[in-house]
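For reference, the chain that follows is the form predicted on its own, supplied as structure tokens.
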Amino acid sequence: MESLTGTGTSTGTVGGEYHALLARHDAMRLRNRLLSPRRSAEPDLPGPARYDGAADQRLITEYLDLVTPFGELIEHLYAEMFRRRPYLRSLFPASMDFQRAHLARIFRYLIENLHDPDEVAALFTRLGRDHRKLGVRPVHYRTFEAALRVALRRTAGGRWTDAVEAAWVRMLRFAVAAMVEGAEATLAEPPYWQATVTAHELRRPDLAVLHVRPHEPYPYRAGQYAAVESPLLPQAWRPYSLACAPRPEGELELHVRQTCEGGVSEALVTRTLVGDVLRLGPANGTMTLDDDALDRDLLLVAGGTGWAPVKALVEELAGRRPGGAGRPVRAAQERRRVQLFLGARSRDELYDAWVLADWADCRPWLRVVTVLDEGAAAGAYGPVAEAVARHGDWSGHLAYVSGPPAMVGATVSRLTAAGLPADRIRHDPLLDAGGVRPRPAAAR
């Protein structure tokens, strides 16, 4: 995910020196915290507790037509921010298109979910941890706030009121407080990890499987994803799912589909070589296995490169069962069954088919159903949701869903309509064009 301010790492002199200074500064802050653990780093930022998000949501929504679509507002915002702090522009990607679109999705997410401050705080706490890799500091948030105030007034015109502006500022400060809290809580970990590409397999002209080896231990869990930066496109980070459970040798697997020309996905698929060094942000995501997952039958649903996190989950499940390398399992867990639905538009899209064949031979507790729709348009995975709905009663299962947003949305709707409680359907939130829905595996 991109940052609110857009500052990022760079292979150039300005970015390199900036991040070297930040690393030294963070080391000093960590030392001071260990010596004085009760000291607050940013006492002027409000905490996320006791925030009446529903009231601000009503006020912001009432006047939302004055600043939507968000394109003009965001243009004014960045122009004002760069006017106030020109050096920030050098820390942005060369193209601002993705950043502008992402910020619009951030605004939509906040406004649509402000009535649930706990959910917003949880997401933005995770974002704050992730944004350390971009070099974001509290002073940048304050610059962003000042620029937003100016942009709101310029965009809204004469009907704008101080009360509405104050509601926007409270919303922003609430999100920022959660982000600062997330960043401060992870000060002892690196903001990013360097990783060398050890294998690059072009499975199709538009899809590659990469193996990378981090230079330092990289903590993550099966089912999570990480932002990736290529040296070919400094400051441009895109999220990709980790397609393997943690392994003793530390090597990671990424599945990348090229979705456009000139983006990170193209760089990773067509211009990345063995020996290249990528950067990884910290692992994120909640689509992981816990005790509840091990005590129930599981339903796994994947489409496209959404297969990657599901593959990691099955790998971890295999390691936890008798004969596996994972932790011991209880007798009840040995009887649990796993049903996997894998959707693709054609047989050619099953780029990891040999893995499925191998699993069929050695994992009797796993049943795999592949769902093909040769006539489906790009991005259409409706048949997967229909197949899941037809295949039985899932009300006692725990479901994991990963893939294109349309597929995830359709599958979740079918499952909830069939009686599976929403709290037993797991999929990671991502800021996507249609709202906050999963899509780490095939980002631009």
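All residue numbers refer to positions in the sequence shown, first residue = 1. All of these numbers come straight from a predicted model, not from anything done at the bench.
This next part talks about the form predicted in complex with a small molecule, which is not shown.
Looking at Val67, you'd find every heavy atom of it more than 4.5 angstroms from the small molecule in the predicted bound form.
Arg149 falls outside the set of residues with a heavy atom inside 4.5 Å of the small molecule in the predicted bound form. In the predicted bound form, no heavy atom of Gly53 sits within 4.5 Å of the small molecule. Within this chain, Leu415 is remote from the site of the small molecule in the predicted bound form, having no heavy atom within 4.5 Å.
Note on the interface: of 304-312, 158-166, 115-123, 180-188, the segment with non-hydrogen atoms within 4.5 angstroms of the small molecule in the predicted bound form is 304-312.
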